[in-house]
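Starting off, we have a lone chain in the form predicted alone, written out as structure tokens.
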């Protein structure tokens, strides 16, 4: 299993220095912002070559959402993500993490009545993913569809729902991001969910129970890692979390050690 991190405020701005520190912290790879990748592709290529630390995946960096209520914004998201996939293929990244939307609407918060029906939601998502399937196939990359918890999105909250959309669309270049933080809220059992959907899980996000760095909360990572080892998961596990502590850099370093120990304990 490959451990990666997204950017953090305490990482350097210079890309070679950034990736060097990421490597020194104990990570195997980096999960990059899509806009940064597109806008600074040559600089990032050079940094990857100098440091030997690969970019394994992309998250964010585009406008709109693939399930956006606004049709123009939905198509903008598809266009931006397609461009990001081209850049991802040039740097060897496997694909981009994409939720239906984030923070756009929740059925668990007022006003609780969305401006679009669930059937219309699904139609929009299938259309967006059909277009992205073509872009991903052309670049030999993947869209990693991410379920978010009920307070952050209303369309795709569980891995099972993500699977149903992929199956209905017949998509070959759309896989699932299984995020431990969101699964902790929405799934009955993280290990059981991973095992059931092992054929479609292509990417993992890691955060503890309170969305801060692993090891600071009460998440049971070992049980999930045991299943990931059983199914021989070969993808990337990227830290997607905020960092608590008086010295965030050292707290993050300790978090990597903690996750490495969890992986060892899973054996």
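Positions refer to the first chain, counted from 1. In this text the structure is predicted, and so the values were computed from the model without any measurement.
One more form of this protein, predicted together with L-Erythrulose, exists but is not displayed; see below.
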Query raised in the report: Of the options 37, 48, 219, 59, which one has a non-hydrogen atom that comes within 4.5 Å of L-Erythrulose in the predicted complex?
Result: 59
Report summary line: The one residue among 155, 84, 97, 159 placing a heavy atom within 4.5 Å of L-Erythrulose in the predicted complex is 97
Query raised in the report: Out of 99-107, 187-195, 161-169, 121-129, where are the residues with a heavy atom within 4.5 Å of L-Erythrulose in the predicted complex?
Result: 99-107
Query raised in the report: With the partner left out of view, is residue 143 within 4.5 angstroms of L-Erythrulose in the predicted complex by any non-hydrogen atom?
Result: no
Report task. Using the partner position in the predicted complex, report whether residue 240 sits within 4.5 Å of L-Erythrulose, counting heavy atoms only. Result -> yes
Requested in this report: Find out whether any non-hydrogen atom of residue 229 is located within 4.5 angstroms of L-Erythrulose in the predicted complex, and reply yes or no.
Outcome: no
Report task. Considering only heavy atoms, tell me if residue 176 and L-Erythrulose come within 4.5 Å of each other in the predicted complex. Result -> no
Report summary line: Within 22-46, the residues having any heavy atom within 4.5 Å of L-Erythrulose in the predicted complex are none
